[in-house]
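Given next, in structure tokens, is a single chain: the form predicted alone.
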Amino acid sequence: MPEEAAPAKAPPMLDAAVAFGRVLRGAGLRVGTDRVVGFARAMEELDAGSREDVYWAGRVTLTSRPEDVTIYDRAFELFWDSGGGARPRPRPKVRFSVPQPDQSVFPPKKTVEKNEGGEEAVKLRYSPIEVLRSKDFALYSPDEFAELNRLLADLRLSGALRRSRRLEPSARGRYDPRRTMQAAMRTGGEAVRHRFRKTRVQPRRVVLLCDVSGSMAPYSRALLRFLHAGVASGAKLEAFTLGTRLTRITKELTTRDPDQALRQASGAIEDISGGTRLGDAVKEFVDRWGQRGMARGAVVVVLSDGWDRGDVAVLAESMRRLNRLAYKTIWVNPLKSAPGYKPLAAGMAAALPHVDVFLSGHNFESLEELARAVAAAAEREG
């Protein structure tokens, strides 16, 4: 009689990676599920018994900024070296705490209480939607990304209007002799009713340039869904990605299915999660699209953390030209929400003087703020 196969067990390294990720989140690092999975996969290829392998696998996959390293080192020492040969170090002023499971937004936690009649009643302790709106995109789970699609479906990025040079029929305004004469021909040459025209009002174009390099990986997925929601709504909007090159993805995002749209966009983007040459990519946009009319009078939004491995002088000059062409330039940096953040990255420092509005884009509430900023910019002239 064949022996029954033993039930599959989760590898111990995966459990340790998940627990270590909780410690890092409690310390203040934005470590999402994808980074934890990447750390566990890296350890499958390395020696889990080697401290150096574990340290560098975690440092490469779980940190993205130089300022993360100090917190990572302290958390690594606390989690992996505790009880052994942990070297004494001056402790920075960072409070470590491990998030409790009931802080997750799915499913909503319930408590059973008795009402005045002595009957048990279920009481919700918080709204999962409200938690999701303020939660950092880097900490989203796959289920929460599905809920984000429903939230983004109600977000309108355009709708603000601008004055056009063209005129349209109106009940009052500028006198229209041509249409008045045409109407008089139908009444025997008698102008029974006079016609008028007024200035046409039309939506202002919005151009989104989204950084998809490796440093933006925790936010690229959510921001690409944001781009898709804007394009699929039918608004006057163009979408591009920035990395080591410029890629136009407006056509790929026109389908209403978010998953299909992202698959099509991922197929078109050849440099996703790669390096960054913001200056070259912005310069290509200005030379190829901006000066030909796409950026003239438009609201241009750059979604990037400002990390640039190219020539920052090229980025500064390209942003200066872009700001002169556009009606308003908005820069969205997810790192801006971090406590004590300062735009010290060379690319961010070079671009900031040529930006009209500087916002964060780390959660849904910040994207709502971005939508209001875009609408306010377009309403200034209307």
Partner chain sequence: MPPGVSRSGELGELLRGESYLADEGLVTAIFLALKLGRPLFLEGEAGVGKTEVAKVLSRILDTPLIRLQCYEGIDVFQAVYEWDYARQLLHIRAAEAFGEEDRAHVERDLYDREFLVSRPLLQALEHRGPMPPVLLIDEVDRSDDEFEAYLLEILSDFAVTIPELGTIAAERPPVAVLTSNRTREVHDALKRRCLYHYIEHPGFEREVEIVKLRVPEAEEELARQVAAATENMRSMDLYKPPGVAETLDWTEALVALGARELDEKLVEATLGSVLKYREDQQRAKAAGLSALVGGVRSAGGDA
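Throughout, rigid core stands for the largest set of C-alpha atoms superposing within 1.5 Å between the two forms. Numbering follows the first chain given and starts at 1. Since we're looking at a predicted model, the values are computed, not measured.
The following text describes the form predicted together with the partner chain, which does not appear among the structures shown.
- Checked against the partner chain in the predicted bound form, the residues W289, F196, F145, W80 give one hit for a heavy atom within 4.5 Å, which is W289.
- With the partner omitted here, the stretch from 254-262, 70-78, 291-299, 219-227 that lies within 4.5 Å of the partner chain by heavy atoms in the predicted bound form is 291-299.
- Under a 4.5 angstroms non-hydrogen atom cutoff, the partner chain in the predicted bound form has K283 among its neighbouring residues.
- With a 4.5 Å cutoff on heavy atoms, P66 counts as touching the partner chain in the predicted bound form.
- The partner chain in the predicted bound form comes within 4.5 Å of no heavy atom belonging to A349.
- A residue is said to contact a partner when one of its heavy atoms sits within 4.5 Å of a partner heavy atom; P343 fails this definition for the partner chain in the predicted bound form, lying far away.
- For the partner-free chain shown, R30, D34, R35, G38, R41, A42, E45, L46, E52, D53 of 24-54 come within 4.5 angstroms of the partner chain in the predicted bound form, judged by any non-hydrogen atom.
- Once both forms are overlaid on the rigid core, the distance between the two CA positions of D259 between the shown form and the other one is under 2 angstroms.
- In the core-superposed comparison between the shown form and the other one, the C-alpha atom of G49 has shifted by at least 2 angstroms.
- With the core superposed, G347 shows a C-alpha displacement below 2 Å between the shown form and the other one.
- Panel note: the distance between the CA atoms of R35 and F226 is larger in the predicted bound form than in this form, the difference being 3 Å or more.
- If you compare C-alpha positions, S64 and V207 are 3 angstroms or more closer together in the predicted bound form than in the form on display.
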